[in-house]
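As a starting point, one isolated chain is supplied in structure tokens, in the form predicted on its own.
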Amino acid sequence: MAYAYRSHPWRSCPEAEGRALRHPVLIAGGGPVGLTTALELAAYGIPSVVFEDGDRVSEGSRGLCWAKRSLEILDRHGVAKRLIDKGYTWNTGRLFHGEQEIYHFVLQEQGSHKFPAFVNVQQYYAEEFLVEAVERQPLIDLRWRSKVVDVRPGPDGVVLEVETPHGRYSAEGDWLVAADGTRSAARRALGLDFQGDTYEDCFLIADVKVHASLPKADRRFWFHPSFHAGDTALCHKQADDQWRVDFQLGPEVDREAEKAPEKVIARVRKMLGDHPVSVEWASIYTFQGRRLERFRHGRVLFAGDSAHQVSPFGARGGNSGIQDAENLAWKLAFVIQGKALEDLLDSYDVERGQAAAENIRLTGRSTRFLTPKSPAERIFRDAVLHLAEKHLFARGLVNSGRLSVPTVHEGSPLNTETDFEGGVLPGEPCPNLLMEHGYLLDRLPRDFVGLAFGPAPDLPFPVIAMPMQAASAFAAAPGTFYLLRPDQHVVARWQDPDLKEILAAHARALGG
């Protein structure tokens, strides 16, 4: 591959030398979710130990499309700008039926946004930038070549069995964040299994380099293209002038044969032209729509692919995992610091379970549109595609993947509902408005914070005085007050609150 992998050696640690320590947080898995969780915890002053089985970042583009909300989260750790500088920013998508373009869409209008709707960067770059951020953080102990092989939870802590090139050792912690992916050792040790569906159709996914000057292209998706005998195909531009391509292959294929470079190259030439092509990476996958019933099991908390799996169309897997990390970290930090009771962690299960259910529902609908399971579904799909070429109403029914947006934690037990029309709903992330002295999210502390459109009472958390120029985004009038929690989601809002109302909402948002 063109990417230069850096190997990270195993280093000895106190437990491997026979010294027993107890850590506040253990994290199984050194991928984007585990690393983001560690960085988020460190921002609240909480140390952690991260155990990674391999000695380098992951192979292949894998998680490719990083959404605006993920960039906002990663920006706090100096990672977002590096992703944007390295990657390919895109804002439009084009859909084709055969050779006919049905329509194209624009994700967000140009203007005062700090971040694009999406940036395409191979996952190994995202992990590299996160690893470098972790290496600058003294509160994080990242242990390479340290495979978690067993988990023994107790009423007040967790013990891990860790396998290394120099033998095994036990590591003790108060809490475990299991971010160890689809083959999670933690999930296996606790006897847990996914609920949901696995679909039969196989898809070829590959990173390729086309040695020619090709026109600029954003997300391009084809139904029934002439260059591919299957039903669908997709291509994305990404970093290093590479292309990410997907081809639907059907349920019964020879996986090893389909990954052969000569076969991938033949498909790509039909798609992008008869140019010299080199294959960087290729894999075969099937759609998944599965999750754990619960994400919290006592002192063990599951995040990312260890908790839920969705199909890649819509970029909802990795982006959802980054949001898991953000949601979990502040709650775990507040519990460890004695600012909240353990019950606050139950809201992690509620909120991110809600997000997983939403992602599985939406990607399941995409899957059934892409790979109809009955003659009736196929007739409906093909009728929609024909109608969409000429009729606006049908275009909303074309489903090539509903693109990732943050889940609104509507109905969360942490929210306080009030009589308030319009604006930003409880459960929504705060919009990153451009203000006189920079972007709003850059000013928010890692704490509860109030946004006051007018005078505010004396409160036990910071309050930001908001200019009336920002009022329209919040449907605010003089006296309006918003309460945000540490992960920048709104938990309550009022037109003219009194001190008792704000304090009661604050207590509720702490799990009280």
Partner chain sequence: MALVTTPNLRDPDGFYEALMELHEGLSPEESAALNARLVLLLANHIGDEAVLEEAFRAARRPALVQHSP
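What you are looking at is a predicted structure, and each value in this text was computed from that prediction instead of being measured. Numbering follows the first chain given and starts at 1.
One more form of this protein, predicted in complex with its partner chain, exists but is not displayed; see below.
Colleague: Might residue 379 be said to contact its partner chain in the model of the complex, defining contact as any heavy atom within 4.5 Å?
Modeller: Heavy-atom contact with its partner chain at 4.5 Å: present for residue 379.
Colleague: Answer with yes or no whether residue 383 is in contact with its partner chain in the model of the complex, where contact means some heavy atom within 4.5 Å.
Modeller: Looking in the model of the complex, residue contacts with its partner chain include residue 383, since a heavy atom lies within 4.5 Å.
Colleague: Looking in the model of the complex, any heavy atom of residue 387 within 4.5 Å of its partner chain?
Modeller: Because a heavy atom of residue 387 falls inside 4.5 Å of its partner chain in the model of the complex, the answer is yes.
Colleague: Determine whether any heavy atom of residue 341 comes within 4.5 Å of a heavy atom of its partner chain in the model of the complex, and answer yes or no.
Modeller: Heavy-atom contact with its partner chain at 4.5 Å: absent for residue 341.
Colleague: Which one of these stretches, 197 to 205, 165 to 173, 387 to 395, 289 to 297, sits within 4.5 Å of its partner chain in the model of the complex when only heavy atoms are counted?
Modeller: Careful reading of the contacts points to 387 to 395.
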